[in-house]
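Take a look at this single chain in structure tokens; it is the form predicted on its own.
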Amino acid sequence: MAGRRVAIVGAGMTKFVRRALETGPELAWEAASKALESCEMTLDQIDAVVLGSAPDAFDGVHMKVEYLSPGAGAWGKPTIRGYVGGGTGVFAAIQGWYHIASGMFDTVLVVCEEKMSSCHPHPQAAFNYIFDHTLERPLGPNLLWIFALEMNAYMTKYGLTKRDIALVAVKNKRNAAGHPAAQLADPDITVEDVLNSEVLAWPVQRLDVSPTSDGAVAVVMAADHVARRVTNKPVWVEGVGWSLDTQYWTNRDLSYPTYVEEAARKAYAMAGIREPRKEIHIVEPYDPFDYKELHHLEGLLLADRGKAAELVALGIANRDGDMPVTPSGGLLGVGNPIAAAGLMKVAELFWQLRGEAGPRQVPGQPRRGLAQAWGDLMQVGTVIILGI
């Protein structure tokens, strides 16, 4: 790996809820405080802060870094904001990594926050402004419709059924039952529940989709010499990668996430991984929709094209399967405060690799995990590989 070795040494998060009573800065403070407390560090020991959030419109303020900075402990410190839509949570951790790997800082606090309930009447209205105002917006695109087109293209190309895909929502919502911060955990949900839920834009149904959420997550990252002093269980960043495809959804292959494959290949090369299906022990792919988990597993080269659904159907992707996928419960079960959701997946790997995931702990002794996020104009792939 280029540069200095970097580890995650602490993590914390708030509960993910539909409508938090706390302000955005208060959510950021809670997550940051928990992360620092988890590694017995104080803000005085932090050299710089990375803040991640999706559109300012969600919290209802512009200049969101300035808005969140008091809660995130950023006053008086070098601070940078990361924003690549849904890809932000993983990309913020990558930003923390390169600030330290480069030798610029020894310690970085990474905080991602989103308060979507501040956006009235619904965050969907804010999403409409992500489209090109001249070429696309006159067509009246809706983000949900674009996902419906993509899900339909994926199902049609590989002959997948709604039942094949609904198994992902069932797995993740059941997994979330072991997560203390979960918003939509349901240990008793069935495939029939998903298939009988409200149709939003065919083939997308209500229980195929993650909820709108409020919440925040933080991790503490440190250079090798600091990490070994702070903890005897550092979790190392072994590889990172990110990639950007065309912003025009009409010009992309909707059945395959090329941008995820390109990001994964960069991360695998950095980590020295030649056979990802054998060398990755836990996967936390981005799952705002159930079909996206399958889509992303294929882009990550962890399943052949059109075959990821078999990993779920055969139990291979279960928490006690050969390749646990989304043991946290993911966005479908824990919740989806956009930027914070991606960093939640990084935090989950931190807890899993240290054996501290409680009832969510995967069996055995996993030594390497991968977290991935996706977003912006649905064309950004961000990947981080952690190991012990």
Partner chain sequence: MRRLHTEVAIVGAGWSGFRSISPDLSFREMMFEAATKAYTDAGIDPRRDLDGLVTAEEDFHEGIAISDEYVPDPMGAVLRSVHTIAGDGLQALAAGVMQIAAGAARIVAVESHSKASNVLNLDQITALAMDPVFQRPLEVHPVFIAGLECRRYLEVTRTPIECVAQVVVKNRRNALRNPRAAFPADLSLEDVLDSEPLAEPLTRAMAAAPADGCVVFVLARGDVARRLTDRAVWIRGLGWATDSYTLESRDWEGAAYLRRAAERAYEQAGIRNPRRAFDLVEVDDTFAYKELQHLEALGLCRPGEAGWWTAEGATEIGGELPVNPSGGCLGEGHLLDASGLARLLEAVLQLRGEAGPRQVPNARTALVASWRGLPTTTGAVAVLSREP
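Quantities reported herein were computed from a predicted structural model and do not represent experimental measurements. Residue numbers count along the first chain shown, from 1.
Quick note: we don't show the form predicted together with its partner chain, though the next part is all about it.
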(Q) Taking a heavy atom within 4.5 Å as contact, would all three of L195, D208 and A357 count as contacting its partner chain in the predicted bound form? (A) no
Q) For the chain seen here without its partner, which of 195-203, 262-270, 230-238, 173-181 has a heavy atom within 4.5 Å of its partner chain in the predicted bound form? A) 262-270
Q. Among I130, L160, L311, L302, which has at least one heavy atom within 4.5 Å of its partner chain in the predicted bound form?
A. I130
Q. Here the chain is shown alone; which of L149, V191, A126, I316 has a heavy atom within 4.5 Å of its partner chain in the predicted bound form?
A. A126
Q) Counting only non-hydrogen atoms and a 4.5 angstroms cut-off, does G76 reach its partner chain in the predicted bound form? A) yes
Q: Could you confirm whether K307 comes within 4.5 Å of its partner chain in the predicted bound form, counting heavy atoms only?
A: no
Q) Looking in the predicted bound form, any heavy atom of D56 within 4.5 Å of its partner chain? A) yes
Q | Close approach of P276 to its partner chain in the predicted bound form, 4.5 Å, heavy atom | A | no
Q: Select from 73-102 the residues with a non-hydrogen atom within 4.5 Å of its partner chain in the predicted bound form and write them out in sequence order.
A: A74, W75, G76, K77, P78, T79, I80, R81, G82, Y83, V84, G85, F91, Q95, W97, Y98, H99, A101, S102
